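Just the one chain here, the form predicted alone, laid out as structure tokens.
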Amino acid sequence: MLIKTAIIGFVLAAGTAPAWSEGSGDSFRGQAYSQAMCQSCHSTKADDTASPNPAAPPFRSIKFAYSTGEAFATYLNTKHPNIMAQVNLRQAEDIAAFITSLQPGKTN
């Protein structure tokens, strides 16, 4: 548990400058955030791996519908079930970039 807490703390401490103004987040950073914060419920793989929680859709099947990183961060911090920690704007943008990279036709 201490290691998991340390990883989450490290991930949350990583940079806070918004990337949305450039139009994209960093999918590699988003993958790291997702592995630390999301994969206990969601499949974060591009293949057919099922999510550990059957109620949580695999990232590859999520249809990203948020027009801004701020809207996605707000959703994660207020409406997403089982969120373990607050997500800042940059983290939301990076996670969004990672989710988008898993969509059919995208290269990882």
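Each residue number is its position in the shown sequence, starting from 1. This structure is a prediction, so every number in the text was calculated from the model and none was measured.
If you look for the form predicted together with ligand HEC, you will not find it shown, but the lines that follow are about it.
*Asks:* Flag residue 46 as yes or no: does it have a non-hydrogen atom within 4.5 angstroms of any non-hydrogen atom of ligand HEC in the predicted bound form?
*Replies:* Looking in the predicted bound form, residue contacts with ligand HEC do not include residue 46, since no heavy atom lies within 4.5 Å.
*Asks:* Answer for residue 73 alone: is it within 4.5 Å of ligand HEC in the predicted bound form, judged on heavy atom distances?
*Replies:* No - in the predicted bound form, heavy atoms of residue 73 and ligand HEC never come within 4.5 Å of each other.
*Asks:* Residue-level contact is defined here as any heavy atom of the residue lying within 4.5 Å of ligand HEC in the predicted bound form; does residue 32 satisfy this criterion?
*Replies:* No, no contact at 4.5 Å.
*Asks:* Quick one: does residue 97 come within 4.5 Å of ligand HEC in the predicted bound form, counting heavy atoms only?
*Replies:* Output for residue 97 is no: heavy atoms all beyond 4.5 Å of ligand HEC.
*Asks:* Determine the residues of 81-95 with a heavy atom within 4.5 Å of ligand HEC in the predicted bound form and present them in sequence order; the list may be empty.
*Replies:* Read in sequence order, the residues that approach ligand HEC (within 4.5 Å, in the predicted bound form) are 81, 82, 83, 87, 95.
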